[in-house]
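What follows is a single chain, given as structure tokens, in the form predicted on its own.
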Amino acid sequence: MGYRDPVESADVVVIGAGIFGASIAFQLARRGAGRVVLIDERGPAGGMSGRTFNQVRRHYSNELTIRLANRGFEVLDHWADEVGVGDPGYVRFGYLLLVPEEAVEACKGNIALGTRCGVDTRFLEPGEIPDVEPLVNLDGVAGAAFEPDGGVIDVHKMILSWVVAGIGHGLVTRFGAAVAAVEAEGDGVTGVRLRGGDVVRTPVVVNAAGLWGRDLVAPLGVALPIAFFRLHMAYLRQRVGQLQLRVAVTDTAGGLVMRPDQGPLALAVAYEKDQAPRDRPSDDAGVAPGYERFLRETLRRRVPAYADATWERAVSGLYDVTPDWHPILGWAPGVEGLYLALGWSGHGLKLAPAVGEVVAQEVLNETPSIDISPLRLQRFQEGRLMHLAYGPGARA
């Protein structure tokens, strides 16, 4: 067996081959960032990105996130030109956000903001909602936001497309390799050390490691205010002869998120109120006892036609959540060469195409096409938290 040098070099290392790491690595490679190495212990979509709800929409409380989502939809619509490999699996069927009386003004405000930013969206009075989705029980519903372009993507297709396209631009992948530490000397990054002893020397590390990203940089003195919330997604099979869901439905008051899936299947999530956050990440995929009963009770109140649907299976995962339920994007203060792309708080998926672009632009010292400075880590110390129209939660 020939000698293999345990030390290699890169111009940029991206940690994490989920939806954000793959997007960032692809954009860096296509923009000529030099030798870009994408590292993930499991491989593409091996973490929480592989357990996503797959929903895309543009209903947001801040112009910045709407602009990122708008760019994301542009990429979905022109994937062949933007990426050139594969397909995002984008399917339109509409996004319906139900609100109680106390949230009507916030909802209308978000709709007005979205409209100014070019989003096709409108407010529905209760009497108009059955024309969009007749299966919704309107008790306690005072109106809804509707986006006809809302729908789903296939996160596995997107990630694999970015990886393959990136390889075509020279991207180097190290799948099955776990990062043990980000190494630094003085005030700057010097590389990453892999479990087993190999080292990749680099002046720039993009930390897109998802759940594990917070603890990975803690030894460097970078404290990230990220906590973890458990959620469970259930695949339900509608009974023969029963009406099926038409659009994606989010009930802000009842804590239900639901959307059509393939054939007679629908995917549903019931959010537990007052869930205590976890301080440590976990890869436990088990579903909490009693969750099926809790979900069926939630469905009976809002989409009763699915309350007795067949339970096919459930998927469990974690949200990595910041105090304002918005991501951390930007250079880590005090550690030159360390870029943070973490804390997606359960709604980052539709932002991923644009995030890949702006992060690559910042890493290459270019002026970003969208100003993401409000998402810097420093905002938490400075008291400049992002606005949440509906209060804390993934409906940001």
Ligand SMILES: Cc1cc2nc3c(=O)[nH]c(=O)nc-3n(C[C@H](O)[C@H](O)[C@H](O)COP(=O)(O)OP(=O)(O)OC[C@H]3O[C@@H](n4cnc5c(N)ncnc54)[C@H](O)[C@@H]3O)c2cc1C
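The structure presented is a predicted model; accordingly, all values stated were derived computationally and were not measured. We number the residues from 1 along the sequence you see.
A second form of this protein, the form predicted together with this ligand, is not displayed here; the remarks below concern that form.
Of the stretches 355 to 363, 64 to 72, 33 to 41, 332 to 340, only 33 to 41 has residues with a heavy atom within 4.5 Å of this ligand in the predicted complex. With a 4.5 Å cutoff on heavy atoms, Gly150 does not count as touching this ligand in the predicted complex; it lies far away. Among heavy atoms of Leu124, none comes within 4.5 Å of this ligand in the predicted complex.
Remark: Val222 does not count among the residues lining this ligand in the predicted complex, judged by a heavy atom distance of 4.5 Å or less. Using a 4.5 angstroms limit between non-hydrogen atoms, Ile15 touches this ligand in the predicted complex. A single residue from the set Pro281, Gly317, Gly86, Gly94 has any heavy atom within 4.5 angstroms of this ligand in the predicted complex; that residue is Gly317. Residue-level contacts in the predicted complex: of Leu76, Ala177, Ala103, Val141, one residue has a heavy atom within 4.5 Å of this ligand, and it is Ala177. In the predicted complex, no residue of the candidate spot (Leu113, Ile129 and Thr252) has a heavy atom lying within 4.5 Å of this ligand. Contacts with this ligand in the predicted complex, taken as any heavy atom within 4.5 Å, map within 209 to 242 to Ala209, Gly210, Trp212, Leu216, Leu231, Met233.
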